[in-house]
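Encoded as structure tokens, the following chain is the form predicted alone, with no partner shown.
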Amino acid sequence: MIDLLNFHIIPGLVLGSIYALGAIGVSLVFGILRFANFAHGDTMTLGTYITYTFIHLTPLYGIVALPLALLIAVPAAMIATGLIVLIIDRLFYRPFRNSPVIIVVIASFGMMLMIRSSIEMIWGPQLKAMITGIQPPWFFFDTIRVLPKHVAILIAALVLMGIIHYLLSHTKIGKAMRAMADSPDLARVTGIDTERVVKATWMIGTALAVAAGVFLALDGQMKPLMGFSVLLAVFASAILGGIGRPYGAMAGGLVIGVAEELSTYPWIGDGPLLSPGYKAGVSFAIMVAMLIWRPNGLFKGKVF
């Protein structure tokens, strides 16, 4: 039972928090702009590589500890990546704002390939490590084993989710975003600056995508396909919670992450129930089941 906690539930919560941050961005974009942004995973990757560059370009690199360097580099990368995404929206998405949804979706596919190719051209296809060396785990009660990076990821994810909750519930722009998600036409009639809301949505979604990508790199390695490799799980999390529902995306991400890790536990016999290579299949199965059984998700989101 301790192995179940140490090697499946805790890593599942860490993975689920990463999925949740990515899924919130997908839900926000779908709820307000009404299209599924398939370039979101590669936006995660782009933000991670920009963070990696900022860490190595800072004059304090090698002097300050990595956590402090991340605190400096990640917000800067969020802003830089957000500005890039705003340019992308202005050039590639905004001209199709009033077009059929499928056209914008296809545009996001093209943008996904363009971002990935740009990453490979600038940073190369090689694997990179955000963290070098091996971190010894922390032990609690002599049995519970937790890696320091997992503690940091969970705390940071909870803080970001709390900020999103406050932003959507208690700020003017958050209320405008919720109003536009419910009815864009009514929001325009009431005097809400919809283009300002769109820009805020891109910036917030991109900031969360950058955080999710950095956390994914801290938990593993950096590679140009890292964001694309979790895109299915991110969409499954958003659909499970209810597409267009940020709070549902939080819950859906945690459920998907834990479900993926629990699928590799040896429930029957000595070997894993499913090979770790089939984790993505768990996300796909849950997503298909939700689309058939309850397409509006657990939190009654929008239906495709």
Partner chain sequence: MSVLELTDITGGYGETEILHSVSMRVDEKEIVVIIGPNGAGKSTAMKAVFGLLNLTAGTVRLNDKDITHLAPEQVVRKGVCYVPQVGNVFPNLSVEENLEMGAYVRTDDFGPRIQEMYELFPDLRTKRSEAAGALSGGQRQMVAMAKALMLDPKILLLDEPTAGLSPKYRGEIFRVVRDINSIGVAILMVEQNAKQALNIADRGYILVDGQNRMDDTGPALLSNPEVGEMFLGGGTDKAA
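It should be emphasised that the depicted structure is a prediction, and the values quoted were computed from it without experimental measurement. Residue numbers count along the first chain shown, from 1.
Not pictured, yet referred to below: the form predicted together with its partner chain.
Residue in contact with its partner chain in the predicted bound form (any heavy atom within 4.5 Å), chosen from 145, 165, 175, 97: 175. Distance criterion of 4.5 Å from any heavy atom to its partner chain in the predicted bound form singles out 169 from the list 126, 169, 221, 117.
The stretch in contact with its partner chain in the predicted bound form, judged by heavy atoms within 4.5 Å, is 180-188, chosen from 147-155, 180-188, 211-219, 99-107.
Proximity of residue 196 to its partner chain in the predicted bound form falls within the 4.5 Å heavy atom cutoff. Interface residue remark: residue 232 is not counted as part of the site for its partner chain in the predicted bound form, having no heavy atom within 4.5 Å. With a 4.5 Å cutoff on heavy atoms, residue 86 does not count as touching its partner chain in the predicted bound form; it lies far away. Contact annotation for residue 192: at least one heavy atom lies within 4.5 Å of its partner chain in the predicted bound form.
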